[in-house]
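Before any questions on how it binds or moves, here is one chain, the form predicted alone, in structure tokens.
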């Protein structure tokens, strides 16, 4: 979350989106976690985004392979094979 050589004191929405997984996994430094949570406290849209992300993870964790139709499972596998982060 560094910008150039200087670290910003406040977090902007785009930065939050880029580090949400680290936040939810507890992988942010204490300072970055504080910046993240300070931003959430003042940004309703990001707060909703994080809550939606949490609910998505919860629901996805309940899926079983047999819950997906074969065609959808194949389509998802193809999409993930072609995706590069």
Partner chain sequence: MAFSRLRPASGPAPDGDRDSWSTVQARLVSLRSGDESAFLALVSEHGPWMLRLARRRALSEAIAEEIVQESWVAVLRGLDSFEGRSSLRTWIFSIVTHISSAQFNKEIRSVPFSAYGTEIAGPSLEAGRFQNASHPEPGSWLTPPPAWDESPEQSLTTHEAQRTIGSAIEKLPPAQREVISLRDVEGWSATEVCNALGITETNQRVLLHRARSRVRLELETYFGAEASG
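Residue numbers count along the first chain shown, from 1. The shown structure was predicted, so the numbers you read here are calculated from the model rather than taken from an experiment. Here the rigid core means the biggest group of C-alpha atoms that line up within 1.5 Å when the two forms are laid on top of each other.
The following text describes the form predicted together with its partner chain, which does not appear among the structures shown.
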Review point. Is the gap between residue 52 and its partner chain in the predicted bound form 4.5 Å or less for some heavy atom pair?
Key: yes
Practice item. Indicate whether residue 56 is a 4.5 Å heavy atom neighbour of its partner chain in the predicted bound form. Key: yes
Point to revise | residue 27, heavy atom within 4.5 angstroms of its partner chain in the predicted bound form | key: yes
Check your understanding: Is residue 33 close enough to touch its partner chain in the predicted bound form, meaning at least one heavy atom pair within 4.5 Å?
Key -> no
**Study point:** in the predicted bound form, residues of 18 to 36 near its partner chain [heavy atom within 4.5 Å]
**Key:** 18, 19, 20, 21, 22, 24, 25, 27
Exercise for review: Would you tell me if residue 22 moves between the shown form and the other one by 2 Å or more at its C-alpha, with the rigid core held superposed?
Suggested key: no
Point to revise | Shift of residue 71 between the shown form and the other one at or above 2 Å (CA, core fit) | key: yes
